[in-house]
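This document contains two forms of one protein chain, each encoded as structure tokens and listed individually as structure 1 and structure 2.
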Structure 1
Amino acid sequence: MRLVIARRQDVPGWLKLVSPLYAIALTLLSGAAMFAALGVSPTTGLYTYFVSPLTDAWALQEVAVKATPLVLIAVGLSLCYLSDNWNIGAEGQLVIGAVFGAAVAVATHGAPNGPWVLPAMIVAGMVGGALFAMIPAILKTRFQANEILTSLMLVYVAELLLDWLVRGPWRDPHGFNFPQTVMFEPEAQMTRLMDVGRLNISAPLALLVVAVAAILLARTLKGFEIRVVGEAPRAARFAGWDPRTLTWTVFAISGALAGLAGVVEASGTLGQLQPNISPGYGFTAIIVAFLGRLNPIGCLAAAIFLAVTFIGGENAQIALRLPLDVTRVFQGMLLFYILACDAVIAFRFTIVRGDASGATA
């Protein structure tokens, strides 16, 4: 007896679009069972995680704050994945972007500065993220190294570099020995959109990135090239497109957007550089990209949903005394169900009885 997996040839387009909804429903059912096993009412647990973050203005601001870096990173990852390039190291690219952006803020701290500081930080962060992302891209195109492994391993390099900087040369001398830089000057911080809360100009910037990426994929030759190289590489070669150049391009764009997310966190959310600058946005954005069907607008909706789980997890810590790891379990289940639903829709699973040649017993 053996399992035969064959790709379906007639999968309706609408079924691919509703697949994430099935995954979300299964995640909610599994979450309800998990809450029951933890001794918490499933209704109360699900309400705390998915409804309470939407019930007041402050929580809605925090959802937007959490969703902004997720959507920035996910849009860049979508371009990579659509072109069959598997960038798994966005977390490290975020960290390097934050480091490059913070370098400008730290270097100009205490000096008479102007409005040029924040744009310089943004440019530096995007350049840093792009350069760091180019490392696995070059290793792939030059030495055929697996970009999944190289991009993932570079995350540790970035995190250790950040840790050394905030504990060593960049540590605030008046920070009571905490591993952090000085607080950035007002010119080096993102402008707040409201008097109360942390919502800043990075949120509309993320919406602009979504709009540009949507137009790129739907209306430009480069977007068509990205899709063709990913779906039909042989046809792309006949069209004269160089997959190596496209690999460098999408990795650079993905790294730049992850670096921008790092600057957003450093200058917009925290106002300084810390070792725990990211709660795992680079890895969570992978879930966002697939939940959003590798579509920029879909990534925006998925980022908001995942941001709700972050805020809901913090609420559950306070109200239900649940560990923050429950949030990671939710996100892990969501990714599992997304992949499982896609596999069931895209492939036909058949159990064949008989020997290896396929003859039935």
Structure 2
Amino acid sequence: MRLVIARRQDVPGWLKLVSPLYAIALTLLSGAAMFAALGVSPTTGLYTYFVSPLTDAWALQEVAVKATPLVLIAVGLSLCYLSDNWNIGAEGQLVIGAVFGAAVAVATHGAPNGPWVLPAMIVAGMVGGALFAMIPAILKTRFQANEILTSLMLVYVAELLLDWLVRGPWRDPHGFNFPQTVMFEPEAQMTRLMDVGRLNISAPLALLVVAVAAILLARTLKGFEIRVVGEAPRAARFAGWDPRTLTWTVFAISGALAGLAGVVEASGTLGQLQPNISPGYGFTAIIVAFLGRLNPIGCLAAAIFLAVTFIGGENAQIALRLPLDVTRVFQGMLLFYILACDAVIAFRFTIVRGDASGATA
């Protein structure tokens, strides 16, 4: 008997669907071990992280509130990664989107305005995010500068810009010197959907984005182009597609969606700008994109799962006194296992009877 490992000619579809589930199962197992090491009962730990966020209506709303920016950003990143463009600066594009959106809210503050304020904020935020994402895109196509490094460096720049704004020119004069802007007027805040809780119109908006992106990828020529450029760049060149235009397109789309997520955070979740407006959504969305197999509908499911870990992490901090870093460890482990499972399914493992020389025939 011996184990034969062979590369599969074609990975069957069902295996591609179950591989993320394997990854989640392995993450839960490792999580149980980690809880044991931290002196927490593994069942209590896993329950707090993965089940407690789903047990009451308020927590469910919070899951949706956290999943919304994640799925918005992850859909955009999926388009980038599919076409071999490595935008990892979504966190910065989110911040700039929030800043552009908030500029409208701050400028119109205190004056009677119509219902146009919120749509204007959304447009401004998306334009801001897209412009900011165009910087690494243009540096890549014009100067061949590595987009991974430039997009990441711009995250720090964006965060410092936000910090300056909320401590300097945009600080609320009646805010007791706290580094934050004024609370936005009601017309500059996303309409809440329930009487209690923070669920707002951004959640259905995100679903719409998922639907549009799914159709774009599966049913349009642009979607086909995105997939071909990533998987077979030579074929794409023969087809006459310009990889530079595509780089600009996917960076602009993902920047606009990250900017939209920024407006959602500033206007829907917080109602103002603060020095920290995101618990790392832009980075977590990278994991969401991979867990969702770079597919918009998959991203939706993955965003909900990772949103659960955010809420679970907050619950665990309160109930079990575990630091918030546990959430990040979970997220990192999850990405490891996704990548490992995806690599493993490319091989076929079979046990062959017979001696080591393989002379069974």
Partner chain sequence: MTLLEAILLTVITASTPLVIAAIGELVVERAGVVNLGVEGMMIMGAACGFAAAIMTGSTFIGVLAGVGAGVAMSLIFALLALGLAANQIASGLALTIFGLGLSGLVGASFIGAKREAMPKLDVPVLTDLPFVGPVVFGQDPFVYISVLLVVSVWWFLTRTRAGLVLRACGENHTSAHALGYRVLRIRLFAVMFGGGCAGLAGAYLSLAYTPFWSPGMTAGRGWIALAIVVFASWLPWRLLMGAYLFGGITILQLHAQGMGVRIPSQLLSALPYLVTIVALVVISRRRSGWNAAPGALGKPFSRDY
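Structure 1 provides the reference sequence; residues are numbered from 1 along it. Bear in mind the structure is a predicted one, so any value in this text is a computation, not a measurement. Here, rigid core means the biggest group of C-alpha atoms that superpose within 1.5 Å across both forms.
Between structures 1 and 2, only structure 1 derives from the form predicted alone. Comparison between the two structures places the CA of residue 348 9.0 angstrom away from its other position, after core fitting. Look at residue 8: with the core superposed, its C-alpha moves 5.0 Å between the two structures.
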